[in-house]
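In the form predicted alone, a lone chain appears below as C-alpha cells.
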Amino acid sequence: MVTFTIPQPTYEAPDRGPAQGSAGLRAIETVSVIGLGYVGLPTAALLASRGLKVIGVDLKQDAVARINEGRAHIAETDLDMILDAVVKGGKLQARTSPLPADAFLIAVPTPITADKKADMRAVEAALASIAPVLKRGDLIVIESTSPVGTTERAAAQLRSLRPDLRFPDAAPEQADVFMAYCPERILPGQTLRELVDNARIIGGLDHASALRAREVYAHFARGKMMLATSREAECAKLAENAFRDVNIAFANELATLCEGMGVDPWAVIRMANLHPRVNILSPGPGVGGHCIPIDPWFLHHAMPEQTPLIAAARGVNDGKPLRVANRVQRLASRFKEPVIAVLGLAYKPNVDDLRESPAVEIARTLADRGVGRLLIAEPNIARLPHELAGRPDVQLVEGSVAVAEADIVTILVAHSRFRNLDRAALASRVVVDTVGLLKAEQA
C-alpha cells in the first residue's frame, strides 16, 4: 500500500472555469469516459457541458448510436436536454473503442459471480482497451465500485501492458501516468444534481495522482473533495453501502417480527423514530440496485471471519423477496383462479432501473410457481424484462387496470403514480403493501 500525507484533508471545489493543470503539466482538455451507463453517461455529459472535449466509449452499439443523436438510452432527469446540447455543440462523441485523451474515467459495471465474489472482467477489459493509447501525463480514474486494492492491481495490469511507462504503484510521485480511485455517490433520478453537489473522495495511488484527479472533478463538482489513498477511497465506498444494507436489514427483520406478532410495523417505526437518537429506515420487499445488494460482499469476501454482521444483513435482505412471494401465494390459495396485481418492478421509486430488483424476483417467483395471472404495473418501462416476457399468464398493464381486475394487490414499489390509484377499489381487494405506501398516506 502506498502511503502519503495529504496536507489539506478537504477541498471545496471553487466555482470557476476549467482547471489550468498541475505545475509543469498540460491542462486536461480531453476526457474519455469508458462505460456510458447510469454513472458514465451523466458524468460525460456534465464534463462536456463545462467545455471539455469528451469521448464516450461503450460496447453497446445501439447506445452509442442514440448518444450520438443526442438522446440518452437511460431515463434520468434533464439528461436528454444536456446531452442534446453537448452533442450538437461537438463536445461529446460516443464510440465503441477508445481514442487518445488526457484523462480516462472508467465507469463500467462490477457485478458479483454466482459465489458472491467480485466480477472484475469489465474493469480489466476497460484497462486493456486504453493501454495502447496511453501517453505520458495521462490520468486514469476508476469510478466502478471495486474491492479494496483494485487500483493497485489496475496499475500492475497496465504496467505489464505498457512497460515503457512508469505507473505510481512502482514509481510514486515520479510516474508518467497518474492513477486514482473516485467512487460515484449518486441517487438515480437525481444523478446530475448529486454529481455536482455531493462530496467526492479522491483516492490517489500517490499524492500527485490525487491532485491530478481533483482537477477533472473541479470542472463540475461543487461539493467537498477529500483526498485520500486509493485503498481508503475503495474501502469507504464499500463501507457506505454496507452501512445502508445493515440498516435496511434491521428494518426488514423488524417488519417481519411485527407482522408475526400482529403489530403494524409502520406504526412501530414511526413511534420508535420519535426518539432523538433513533432513525429506523423503511422496510421493503428486499434490496435492489447495482450497489447495495452487491458491494457488501466485496468486504465480506476480503475478511469473511471478521464480517458476520455484513453477511447476516445480506441474508436478511436477500431472503425478503421469497418471504413476500410465499405470503402472496398463501393468500392466492383462497381464490379459485387468482388474479394478482403487481405494482412496481423497479428497484426504487420513480426510476426505470430494474437491476437486482427484488420486485422482479418476486414477480418471477410467482410466475414460475403458476400462482395465478399476474398483471404487472410498472409505469417507467415499455416492455416486460426478459424474466417475465413471453409468459401467457403475465401481462404489463396500467396500474388502474391491474387494481380493477385483481383479487390481490401487491405493492412492491412506492411510485408516485401509484398514489393516485382508486382507494375504494383497493379497499375491496386483498392488499400486500410491502413499502408502506398506504400506511404513509394514512399517517
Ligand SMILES: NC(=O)c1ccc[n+]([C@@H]2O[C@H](COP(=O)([O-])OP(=O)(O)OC[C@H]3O[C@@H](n4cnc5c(N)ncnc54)[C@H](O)[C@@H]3O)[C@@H](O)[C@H]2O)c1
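Numbering starts at 1 and runs along the sequence shown. A quick note: this is a predicted structure, and the numbers were derived from the prediction, not measured.
The discussion below concerns the form predicted together with this ligand, not included here.
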Inset, instruction - Name the residue from Ile248, Cys291, Val177, Ala228 that puts a heavy atom within 4.5 Å of this ligand in the predicted complex. - result: Cys291
Legend entry - Of Val87, Leu158, Ala122, Leu254, the one that lies within 4.5 Å of this ligand in the predicted complex (heavy atoms): Ala122
Inset, instruction - Pick the stretch from 315-323, 180-188, 200-208, 260-268 whose residues have a heavy atom within 4.5 Å of this ligand in the predicted complex. - result: 180-188
Inset, instruction - Using the partner position in the predicted complex, report whether Val39 sits within 4.5 Å of this ligand, counting heavy atoms only. - result: yes
Legend entry - this ligand contact in the predicted complex: Ala341, any heavy atom under 4.5 Å: no
Inset, instruction - Mark Lys237 yes when one of its heavy atoms lies within 4.5 Å of a heavy atom of this ligand in the predicted complex, and no otherwise. - result: yes
Inset, instruction - Evaluate Ala45 for contact with this ligand in the predicted complex, applying a 4.5 angstroms cut-off between non-hydrogen atoms, and reply yes or no. - result: no
Inset, instruction - Flag this candidate site as yes only if Gly284, Ile411 and Gly436 all have a heavy atom within 4.5 Å of this ligand in the predicted complex; otherwise mark no. - result: no
Legend entry - Interface residues of 92-113 toward this ligand, as seen in the predicted complex [heavy atoms, 4.5 Å]: Ala107, Val108, Pro109, Thr110
